[in-house]
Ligand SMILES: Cc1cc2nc3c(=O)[nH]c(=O)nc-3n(C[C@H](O)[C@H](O)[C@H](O)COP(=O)(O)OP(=O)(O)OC[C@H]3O[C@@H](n4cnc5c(N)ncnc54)[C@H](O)[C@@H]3O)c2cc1C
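So this first bit is one chain, no partners, the form predicted on its own, shown in structure tokens.
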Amino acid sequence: MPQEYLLPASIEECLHMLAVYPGGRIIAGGTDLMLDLREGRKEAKALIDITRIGELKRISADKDRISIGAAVTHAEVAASELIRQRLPALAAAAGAVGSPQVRNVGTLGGNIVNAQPAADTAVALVALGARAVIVSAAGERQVAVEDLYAGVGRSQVDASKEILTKFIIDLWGAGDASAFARLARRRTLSLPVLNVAVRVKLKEGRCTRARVCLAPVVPRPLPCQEAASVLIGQPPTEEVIARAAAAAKQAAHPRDSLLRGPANYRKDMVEVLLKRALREAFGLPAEEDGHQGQTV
């Protein structure tokens, strides 16, 4: 177990600590990391707690984009009026994470660095086109969230050498809407059977921009261009939604799972969930689809 627990007050101080303590590791909420350390899946000689770095705890906006600090908790994202109004898919996803105790402690950045493909906020961030800002001794870089996955549980962010500081989401202007849908057997499960998120922009009665994300159907949150392409240039009708959902089902390749169910069932449910999310994003009434399971 770690021998040191450090509390930097700035990003610069944090980077200095990472350099001074080889084998050190960033921690924020620690809801996953502490279990990994205890069970020997990860090691760290020192833990460097970033939750006292003020700029990592901010949610802000200008006319073009919204910025969310990596140490903002799921509960703070879910409760933010700005996020609820401008990025409702992310607010819904953050509100679906784990239990109230986990949401009050776990952070947006930690959920991404943990690199689980079905993490609720990861799916929403990918659908929203979010970029992660990562800082190291070599400088700063921005990476699309979907490109941070090296495999299940393996992140492209090296928490022993660099810091994920914030997420940037560009605003699409008038007609921008988003939605999130989740299927789980019961609310106490930490990860869902499936989840989807969508973002669309309507102008003069037609969809001019679209992003769709599905999980877990491959080893990372899957941006589904096949479904998004069906929507572009089309009016938000049930027929268009059905075609987009069918394209998503075709693109999904889930595996059989004792926890989440057979692959064929999950492919069918991709279609169902995407229809629900698109109806919500387009402002259409929900339809009874006959499928049971906890959704948001």
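The numbering used is simple: start at 1 and walk along the sequence shown. Everything numeric here is computed off the predicted structure, so don't read it as measured data.
The same protein also exists as the form predicted in complex with this ligand; that form is not shown, yet it is the one meant from here on.
Quick one: is Arg279 in contact with this ligand in the predicted complex, heavy atoms, 4.5 Å cut-off? No, Arg279 sits far enough from this ligand in the predicted complex that none of its heavy atoms falls within 4.5 Å.
At 4.5 Å between heavy atoms, is Asp32 in contact with this ligand in the predicted complex? Asp32: contacts this ligand in the predicted complex.
Is His253 a contact residue for this ligand in the predicted complex, using a 4.5 Å heavy atom cut-off? Looking in the predicted complex, residue contacts with this ligand do not include His253, since no heavy atom lies within 4.5 Å.
Wondering, does His74 line up within 4.5 Å of this ligand in the predicted complex on heavy atoms? Close contact exists here: in the predicted complex, His74 approaches this ligand to within 4.5 Å, heavy atoms only.
Looking at heavy atoms inside 4.5 Å, which stretch does this ligand contact in the predicted complex, given the options 107-115, 207-215, 124-132, 79-87? Going by heavy atoms within 4.5 Å, the stretch is 107-115.
Under a 4.5 angstroms heavy atom criterion, identify the one residue in Ile53, Ala46, Ile27, Ala247 near this ligand in the predicted complex. For this set of options, the contacting one is Ile27.
From the list Leu183, Leu164, Ala179, Ile169, which entry has a heavy atom within 4.5 Å of this ligand in the predicted complex? Checking each option against this ligand in the predicted complex, the one that comes within 4.5 Å is Leu164.
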